[in-house]
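Two forms of the same protein chain are encoded below as structure tokens; each is given separately, as structure 1 and structure 2.
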Structure 1
Amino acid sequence: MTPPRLTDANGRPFPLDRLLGSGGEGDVYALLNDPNRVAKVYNDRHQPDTQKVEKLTALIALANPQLLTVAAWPTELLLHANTRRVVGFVMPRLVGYQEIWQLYNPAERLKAFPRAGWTFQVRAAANLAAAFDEVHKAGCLVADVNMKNAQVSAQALVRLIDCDSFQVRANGKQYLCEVGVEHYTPPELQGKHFRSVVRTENHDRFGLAVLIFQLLFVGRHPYQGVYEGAGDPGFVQLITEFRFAQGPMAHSWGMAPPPHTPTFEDIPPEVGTLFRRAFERGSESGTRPRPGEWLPVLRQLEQSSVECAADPGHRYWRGAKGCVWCRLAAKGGPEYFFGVAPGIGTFTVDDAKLQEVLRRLATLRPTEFRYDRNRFAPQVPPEPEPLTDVLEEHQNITLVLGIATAFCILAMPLGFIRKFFFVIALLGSIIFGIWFWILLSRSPRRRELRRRRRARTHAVQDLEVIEGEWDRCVHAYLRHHAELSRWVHRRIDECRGLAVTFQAELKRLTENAEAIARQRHLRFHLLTDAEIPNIGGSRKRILASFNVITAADVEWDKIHQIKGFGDALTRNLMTWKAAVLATFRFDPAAAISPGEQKATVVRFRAQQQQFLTELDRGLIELESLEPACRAKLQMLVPDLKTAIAALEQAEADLRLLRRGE
């Protein structure tokens, strides 16, 4: 429809530009030559009455720079050019903002905020609290807190809209908010008519706490859990009865956290305490946390988050027992922060480093360590051990007896001349021969000869032991060197093979991407959130006991075997699953999320780094073999010199004694 001609309060024309959007109360238009503001013009059914005009006037009077940075706050009245009736107002223009439920709802977040991780939601929660704080400082209440009147930008900035419905106190009068949404209405106001209800800050704090809870707990409502008591209470009844589904006391009123959802163990205790103050019985007495109380704990929570080693898109409170999101996905839950991590390129083998390894290896050829006995022999030949006087005297006697025996034997042929000479020569040879043999067999010289021979034998044996140790040390060094060199070459080949394995892994991920994406889509749809004919809370609890929690778990045979679930109920569940599948759209460009790609690249880079680290350790060990072997051989040198000197001494001693034989 064509908008009426408008003026400002001073009668100056106020030209409108194109229509930006329409709502239940009116339309929003852009302004000519003013890109930072818009005009809201009420439709015929919601023309403001006197009280509404007074309320708008009061809001405009309260406007200040702080409010204008956190809310689409009315700044100027718009009048019909002919009737001079107030028909609308001017407010700041919001560009690039989405309704807050599109951030905390996991399925919507993938579309509206594909790069928003959990800490982004924590930051948005802090900014939401800051916005409520400014509204309360101005003496106003949001009143109709809900998932649509708070909007979030790509920078996690929060702006409140529909400010003309806020509850305002001005000039001694209360301008009430006549509407509300059950899920954000505190227990003590459930079922009441808001036209006559004067709300308090404590009521506003409940709605704020619900939105913060939904941002931190992946869209779950604080009273949305597993009811373990008798009967089948509706959701509003759970709120009315303060059945908060989290915290240490939840079991006492028959509640447990919903499946595939973080718990109080995954958030700091101080955050949990604020939630308990907001949602447990007794909070209606005015003890719910003020917006300003949320700010420091939420900012500290964002600062104390850590990055998951398996998926850089996962961030969680450092005090949790490991990555919350990996844990939930491993147990069959949704991959809540799928695709959050930006890609980091691809994996390639660092061949330059491998070439450097080969260059280092080429410089580490084995040392021969040739053994030469002469290197360790004494420079001056040893002096033989001199013979004793007894040995000299015995040697002389033995020599004389030997000569005498030989002379007698040689004289025996004279017996052909005279028989007497033969007898004398025979007797002499016998006597001198026996004497000579006795001297030889029992002589000190023979004993000394045996001693010196034994000394030489022992010297040879001692030297052979040490030389054998030398050979073993060298052979062990050469064997170890060869084994390590072969190991380095094998490791280099394995490292180069990572490139082929990486491509195969990417191919596998791509081939399975559509099936994985379909399962992911099904897991984002939980039974607890679904409206399925004849499937109420009690039946959902029965299904949950059989691990049927998401659309991915719904299978005909599995459901049909559960007692009480016949063809009709099973068909209802399958129809719901089919409806969920009908909304699935496969995007090949996003087949593999940046998080999955990054996790794969990180894993292969880590494997390569492990190979390079092992190769470096191997080369260091290889470099240490030669000096270690040299040190061991050097330790043998003193014993080796001693043994060689002992052998040469024994041989010299033996040669001296043999010269007399």
Structure 2
Amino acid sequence: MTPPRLTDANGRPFPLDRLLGSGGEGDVYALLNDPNRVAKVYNDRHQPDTQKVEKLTALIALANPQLLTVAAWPTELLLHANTRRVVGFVMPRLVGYQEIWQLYNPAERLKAFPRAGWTFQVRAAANLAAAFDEVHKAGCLVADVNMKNAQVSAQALVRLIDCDSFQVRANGKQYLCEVGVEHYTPPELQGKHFRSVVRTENHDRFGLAVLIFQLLFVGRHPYQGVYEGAGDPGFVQLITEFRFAQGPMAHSWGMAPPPHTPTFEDIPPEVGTLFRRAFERGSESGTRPRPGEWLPVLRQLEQSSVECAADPGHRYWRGAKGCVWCRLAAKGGPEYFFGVAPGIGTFTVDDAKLQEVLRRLATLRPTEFRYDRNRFAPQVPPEPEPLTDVLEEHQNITLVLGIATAFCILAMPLGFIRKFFFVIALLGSIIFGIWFWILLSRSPRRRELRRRRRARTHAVQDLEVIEGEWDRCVHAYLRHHAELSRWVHRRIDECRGLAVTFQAELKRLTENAEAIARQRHLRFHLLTDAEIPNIGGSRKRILASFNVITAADVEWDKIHQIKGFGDALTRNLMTWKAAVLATFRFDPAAAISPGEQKATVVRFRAQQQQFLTELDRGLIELESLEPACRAKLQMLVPDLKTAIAALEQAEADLRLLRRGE
């Protein structure tokens, strides 16, 4: 679409150059003789009415050098050369600026601002506040604050665009802004129709605070968190209900910060207070921080940031417990500021970390928990159960009878002297012998011996049960330990294997790039320019009608199918294609774009991080095995001691009885 011929307000011709960009309302053109300004020309559906022309005129009247440095502020009206109607305006040109979401979104930042670290974002936040400050000082509001209307340069300078949609107060009138994006619309305005809403500075301050929050909190929206309540509220509802996801009170309205993001612990309390004043209930009454309040606090934050010892690309607030970016990555989150410090263009396996894992593993040799019964035996040998008097008495009688029997038997030879003596001795030995035998066979001593033997057998069995339990515990522990150790080794091998996979991936990308480059090379060679035997103009036209136009289109089946192209002609074409291919050169070093390489590196680093996190978890489990086993064994000790004491007692009792035999 060609733009209309334009003049400036004084009727002088105003020539345009090429189209720079198109928006919903109009097109933005470069100027033929001014590289520092551009023209916005409204499209047919958005021709300015009297209101709009008044608004533009008022904006132009407000223009001053400060506004012109922080916004693409309108400076001049542009008229249609024939109708003399206002169809556009002139404004300063932004060169090298990108939309602010491309900075706060970590995935996009990798491409748009690859060297921007956290302090860069803090600086951009301060510059954004400064830009809002200027606009507010001029009595205007940005009104339609959003992720695209603030633009950021490679030096973190911020410019506001789309100034013709600002809310402007002039000549006692309010020129409204009729649009808005919900994420930047304060709770109290959600669902309202902007056509009839006069916005206030407090509303603008909400949008500003959201953008600052997004810059500081890896792109998260303040009302983006984990909702802990029932139901499934959409985010409009979350905003309307002031459900700010950060800060000390968030839990009281059922919100928790989203996973893998910084929290209020990672920012100074002054900054946290400003966010709470912007997003918590009550902020609608006018308490949201003015742009001027953000400035000193953000500057202070930038100055109090320190570089991380592990990665110079990480910067964080000095008052925090440590580097938040390392902490998030170590917990399996993204590496938000990977590669911000120059010189990390490739992926290498972090062998130092793996060595560390191995060292930790080496200190985790399995404990043997060797069992030694003596350790649990009572200090003092047990006092044997004494033998009772009955036993003694019985023994004495038995002894006397035994002696008497023996005496009688020994007395029998006296029968040679007198027969009578023999009879007496025989009778005596029979009586005493039987008596002795009866006493001996019904001995309570024997009973006692049997009893004590039985007691010992029981004690042995009881102890064996407990010792078996001990053995099982130790075995389970050793088996678990061995399994986990093997798993750790396997994981380490897999992690080391990432290096190989990474190289393979690069190779694949290179090969892809080569295929694409080859195809492009073929496409550069047009059939019409080529000298091919027997293929003249008319044959080339036939080929063209079958969409065979460049060397890339030449394929045996495709050509052979065309009427009039036999083996010979097709072969000639294929020979030509081969000749074209022979001139193809490819530089593998330049094959992969830095962005692509970086994305691959990030992916592999993330995977490695995942492995390291899992390894850490594995080692922690491994470390917990020994104390867990020890605790279990400890629980067996009282029973064990009792059982051993019982056994020793039984043995001592038995010994005592035997000694007497």
Partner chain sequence: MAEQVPFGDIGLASNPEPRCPCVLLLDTSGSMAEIVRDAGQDLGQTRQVDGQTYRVVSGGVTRIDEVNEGLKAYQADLNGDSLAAQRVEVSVITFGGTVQTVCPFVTAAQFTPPTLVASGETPMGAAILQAIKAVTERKKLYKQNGLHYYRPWIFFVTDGAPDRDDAWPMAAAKVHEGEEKKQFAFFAVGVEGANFDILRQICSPKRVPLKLKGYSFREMFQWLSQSQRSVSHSNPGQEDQVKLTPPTGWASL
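Numbers follow structure 1, counted from its first residue as 1. Heads up, when I say rigid core I mean the largest set of C-alphas that superpose within 1.5 Å between the two forms. Please read these numbers as outputs of a predicted model, since none were measured by experiment.
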### Structure number, where the criterion is the form predicted together with its partner chain
2
#### Entry: Core superposition between structures 1 and 2, C-alpha change of residue 281 at least 2 Å
no
### Task
For residue 64, state whether the C-alpha moves by 2 Å or more between structures 1 and 2 after rigid core superposition.
no
### Query
If you line up the core, does residue 549 shift 2 angstroms or more at its C-alpha between structures 1 and 2?
yes
### Query
Quick one: CA shift at residue 503 between structures 1 and 2, core fit, Å?
15.4
